[in-house]
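First comes one chain, alone, set out as C-alpha cells in the form predicted alone.
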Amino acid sequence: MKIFKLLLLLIALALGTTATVMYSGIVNVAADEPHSDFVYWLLEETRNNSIKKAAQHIEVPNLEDAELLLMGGADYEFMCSSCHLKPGQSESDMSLGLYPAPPNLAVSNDEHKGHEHGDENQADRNNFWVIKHGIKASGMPAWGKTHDDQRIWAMVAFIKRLPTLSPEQYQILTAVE
C-alpha cells in the first residue's frame, strides 16, 4: 500500500510540474533562440529513431534512372531548395529563419547518409519517409498528401546525387522546360 501511495504522489508531482511548465509560459518557443543542449539532443534522438523505425520496411526502387533524376530535380528546385539549399549555397533566408535548421542536402553529411550497420538503403528509406510524411513542428511538410510515391522517389534519387553536383550541373538538372 505504501508503494501505491508513493507512486500516486510521484504521478501527481509529475502532472503538477508538467502543468506548471505548460501554463507558466517559461518555455521559450521562439525559433531564434536555440534549445538547451539536453533538449536538443533529446528531440534529435527521438526524431532520428522515430524516422528509422517508421522507414525500416520501405522497399527502395532503382534510383539510378535518369528520368527520376530530372523529375526529382525540378521538384527539389521548386519545393526544397529554399530551405535545404543548392550546390554552392551555404544559407538562405528560409534556412536561417527555421529552428531547428534544416539540413543542407547539397553537401555530404554522414548523419543523413544512414549507412550505419552496413545498410546502404537506410538513408533512401529515411528520406522517402520524411518527404512523404513530413516532420511535426519543424517546417518540413508532408508532401505525400499532394505527391504520389513515384514522384517522392524521384526527389530521393535527386537528393542522393545532389552533394556530387556542381552549381552548373544543378542548374541544368533543375531547369523547367
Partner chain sequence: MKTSLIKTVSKIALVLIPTITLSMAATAHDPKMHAKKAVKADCSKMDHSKMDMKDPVVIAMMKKCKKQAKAPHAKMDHSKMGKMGKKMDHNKTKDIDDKSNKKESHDHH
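Basically, rigid core = biggest C-alpha set you can superpose within 1.5 Å across the two forms. What you are looking at is a predicted structure, and each value in this text was computed from that prediction instead of being measured. Numbering follows the first chain given and starts at 1.
If you look for the form predicted together with its partner chain, you will not find it shown, but the lines that follow are about it.
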> Within 4.5 Å of its partner chain in the predicted complex, heavy atoms considered, which of 54, 60, 39, 142?
Replying inline: 39
>> Given that its partner chain is not shown alongside this chain, does residue 47 nevertheless sit within 4.5 Å of it in the predicted complex, heavy atom to heavy atom?
In response: no
>> How about residue 105 - does it come within 4.5 Å of its partner chain in the predicted complex, if we only consider non-hydrogen atoms?
In response: no
>> Is it the case that residue 130, even though its partner is missing from this view, gets within 4.5 Å of its partner chain in the predicted complex, heavy atoms only?
In response: no
>> in the predicted complex, does residue 137 come within 4.5 Å of its partner chain, counting heavy atoms only?
In response: no
>> Going through 134 to 167, which residues have a heavy atom within 4.5 Å of its partner chain in the predicted complex? Please give them in sequence order.
In response: 146, 147, 148, 150, 151, 161, 165
> When you overlay the rigid core, is the Cα of residue 13 off by 2 Å or more between the shown form and the other one?
Replying inline: yes
